[in-house]
Structures are given as C-alpha cells and as structure tokens.
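In structure tokens, the next block holds one chain alone, the form predicted alone.
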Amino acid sequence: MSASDPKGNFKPQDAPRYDDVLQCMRCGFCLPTCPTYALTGRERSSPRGRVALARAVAEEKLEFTEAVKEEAFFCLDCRACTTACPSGVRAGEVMEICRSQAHAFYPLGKAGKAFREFILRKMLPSPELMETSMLPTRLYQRLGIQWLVRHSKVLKLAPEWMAKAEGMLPDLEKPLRTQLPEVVPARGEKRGRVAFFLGCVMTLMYPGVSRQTVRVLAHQGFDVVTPAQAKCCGAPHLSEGDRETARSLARFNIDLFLSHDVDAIVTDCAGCGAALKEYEEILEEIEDHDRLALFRSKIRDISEFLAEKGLRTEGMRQVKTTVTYHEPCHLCHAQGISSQPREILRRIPGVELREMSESSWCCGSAATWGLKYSEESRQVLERKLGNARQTGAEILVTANPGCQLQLAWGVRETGQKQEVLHLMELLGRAIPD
C-alpha cells in the first residue's frame, strides 16, 4: 500500500488519505482528551482506535463494517485529539470523511434519503426556505402553545431527543438577515472595511448576538458589509457526510465574498469559521489555489479579528460582573483560537475572568450529536457544567451558537444560577449607544 494509493476497501470518492491515517504512532496522548473514550473506555471509541479502523479499511484488512460506521458518527469531531497529537493526526476529520463513506456503503431507504436530501440540499442552502421553516416555531412560542406543552406532561411521552430539542429552543425573534443594512458605516475614526458572514443558526436562533457583532465592529471603526445572498457555510453538510453539497456552497460563498473589496471576512460563529477556513482543503484539487488561499487569508473569528486589530476601550461602559469562559471546540481546536477571546474579556471594563477547569472540554453539543446521543451528551455536559459552577462566576460565556444552546439548556435543566451569553453579547453591554 502506497501513500498515493489510499483507497483500499473505501469507495473511491471522498476516501480518507492514507497519509492521514498512517501518521498515528498510537502513543495515547489523545486518550485523556476524548469525551467518548472517557464515557465508554472503549479503544475503538478513542481517536487512535478510530484511526486504526480507518487504516485497516484502507489496507484491505477490514471491510467498512457497521462498527466503522458507528464510530464515524459517534465521534464528536471536537478536534481535541488534534490539539494533543504530537504527529498532527486529524482523527476528527478522518471520521468526518468516513461519514460520507458510511452513506455510500449503507444508503438510507427511499423516504430517509428523500428527507435527508431535502434538508441538506434544498432547505439549508436556501436562506429563504430556512427563514420560512422557522415561522411555525415562532408562532408556537407567540401563541402560548409552548407554555402549555412545557407545563403539561406531553413531552415525557416523546422520544428523549425530541424533548431535548424542544427544551433547547431560545426565544425566537424575526431573522436578522432581512433586517441588517447591506452596509453599516464605521463610527469614529475609520480603521477599515470588513464583510460579515452571518451564519444560519445566528440569524434564526440568535439574531441579537449578530446584531451586537455588527454594532461592535462599527464601534471599533469598521464599515460592515453583510451580503444577504450568503448561503450556509457547509458545516452541517460536512458533519453529515454530504461533502458534494458542501463544495457547492463553498464555491458560491467564495465567489460572493471575494467580489467585495474588504480587509477581512468576519464571523461570530465558531462552527462557521472552522468550515470557512476548510474551504481551501475541500476544494484544493478542483479550484484555483490562489483564490482559495486569498479567501482563507481573510477569514477571521470576531475575537481573533478584534485581538489582532486591538480593542478600542475609550468611552466603554463598566460591566461589573464575574465571568467564566467555555471554549468552543471548533474555535480552540479546529481554529487554534484560545487566548484571543480571553484577551477581549479582560479588556471589557469591570469584567473579572475566572478560569474554569477543562475549559476546552466539549460541552456535548457537536451539531446533531447532542440529539442523536442524548444520554451521552448529558453526561458530557454535566462535567462541563460542574466545572463552570465551581468558578462561582455570574456569567458563562461562549462563542458558538451550538454551545450556547446546549449550555443554556443545561443551566435551565439543573437550576444552575449562571447566565449564558455569547462573547459579543457581553461586549455589547459595554458599547455606548
């Protein structure tokens, strides 16, 4: 088996590269970082175990079995193992690719396939459809039906994942995408011009967060361009093994954002940022390298951007509170951004940052993982909330909508007395009107 012939028992399209699975030295540094290994103690549910499965398939020592499929989806893809690995093995990305293989080896039935394709290939790529799909849920809240459901015992009759999904719903507002002006001008001394990538979950679930992000950027002296035509970043598609649609979305977004003359492309969603920064990899063999490199060079998480440019604090209001910070996996592990959010927190007047133990340990959300494996997700979350509670901080801050949904749900379920905020919500409290 050569590095140039990595397919083995994998299907030819979207197979893990043999080099990626060959690098693993089985040293075990990844084991203490892996939530699923901590839960099960199973070798195959560890990063090195999963890589060993993929290598065995590539070397034709193992068929792509149900066990391989199960581990591909049981992996949280939190990338903590990548941070810990001395050889640079990216086990999460290998498993992400194996999810695409799983759908090739074990295709869904007709109804399941039609539903999956509608969600991934019709609804998610269409901002208009996404907004329309949330209208019944907003009515469900506004008409008081949610109050009746939550105060009855009907949810106890539903599957656990359904009860959790309903419980995670924040108070929904009108989607932000149609409300934001195309350009919000800089305030005070102008420092540049940026594009804002407004994520699907942010516009639908947390419009207030992204409204604060744009407000903060303008306050910091940047013209903010928000292209309303932007489509889903492709993160859900990569997570669910639909790399073909992810590539299509990547091409569209690259063309759209590179058509604007901006210094940077900023996002306030860690999952979106990680996906946008991976466009260069998923398109590397089929698109112009220089354009991919140019796009990649402009992508910034909001905390990364503000730390890089320097946060202007003149005239900011005092926000006298104590906070602790949960690091989103796709910010600290996928993007390597860890110190920057802390730097921003420490610069907010009046804020005291109290570090929690295992701040980079996954919260158990991981896109749809938290619903598919609801009991395991609850156990991972309990570990996180225990660490947050021990700090005694008034506010639990994070920087990703999936984490925010999971943490806020957990805090409500356990009666924990902490407010859960996105970093931009907290910073927005310090920005003068």
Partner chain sequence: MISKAAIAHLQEKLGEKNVYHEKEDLLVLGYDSTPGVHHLPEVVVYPTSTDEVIAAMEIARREGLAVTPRGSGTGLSGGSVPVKGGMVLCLTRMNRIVEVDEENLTATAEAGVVTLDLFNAVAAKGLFYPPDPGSQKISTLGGNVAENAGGLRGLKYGVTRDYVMALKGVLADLSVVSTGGKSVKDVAGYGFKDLLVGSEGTLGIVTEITVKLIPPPQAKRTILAYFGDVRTAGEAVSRIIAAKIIPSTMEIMDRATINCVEDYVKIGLPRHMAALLLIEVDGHPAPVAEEAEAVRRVLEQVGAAEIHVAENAGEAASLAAARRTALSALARVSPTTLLEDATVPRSRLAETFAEIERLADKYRLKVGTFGHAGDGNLHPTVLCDERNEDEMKRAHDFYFELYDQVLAWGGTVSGEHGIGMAKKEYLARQIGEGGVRVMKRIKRSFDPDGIFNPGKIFDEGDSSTRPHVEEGFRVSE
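Keep in mind that what you see is a predicted model, and the values were worked out from it rather than measured. Residue numbers count along the first chain shown, from 1.
The form predicted in complex with the partner chain exists for this protein as well; it is not shown, and the discussion that follows is about that form.
Student: Counting non-hydrogen atoms within 4.5 angstroms of the partner chain in the predicted bound form, say which of 380, 396, 405, 53 makes the cut.
Tutor: Of the candidates 380, 396, 405, 53, 53 is the one lying within 4.5 Å of the partner chain in the predicted bound form.
Student: Judged by heavy atoms and a 4.5 Å cut-off, are 23, 28 and 88 together in contact with the partner chain in the predicted bound form?
Tutor: Yes, all three are in contact.
Student: Look at the stretches 384-392, 397-405, 362-370, 53-61 and give the one with heavy atoms within 4.5 Å of the partner chain in the predicted bound form.
Tutor: Correct option: 53-61.
Student: Is the gap between residue 375 and the partner chain in the predicted bound form 4.5 Å or less for some heavy atom pair?
Tutor: Flag for residue 375 set to no.
Student: May I ask you to state whether residue 10 is within 4.5 Å of the partner chain in the predicted bound form, using heavy atom distances?
Tutor: Taking the distances in the predicted bound form, the answer for residue 10 is no, it never comes within 4.5 Å of the partner chain.
Student: Heavy atoms within 4.5 Å of the partner chain in the predicted bound form: does residue 18 have any?
Tutor: Because a heavy atom of residue 18 falls inside 4.5 Å of the partner chain in the predicted bound form, the answer is yes.
Student: Do any residues of 40-65 have a non-hydrogen atom within 4.5 angstroms of the partner chain in the predicted bound form? If so, which ones, in sequence order?
Tutor: Counting only heavy atoms within 4.5 Å of the partner chain in the predicted bound form, the contacting residues of 40-65 are 40, 41, 42, 43, 44, 48, 49, 52, 53, 55, 56, 61, 62, 65.
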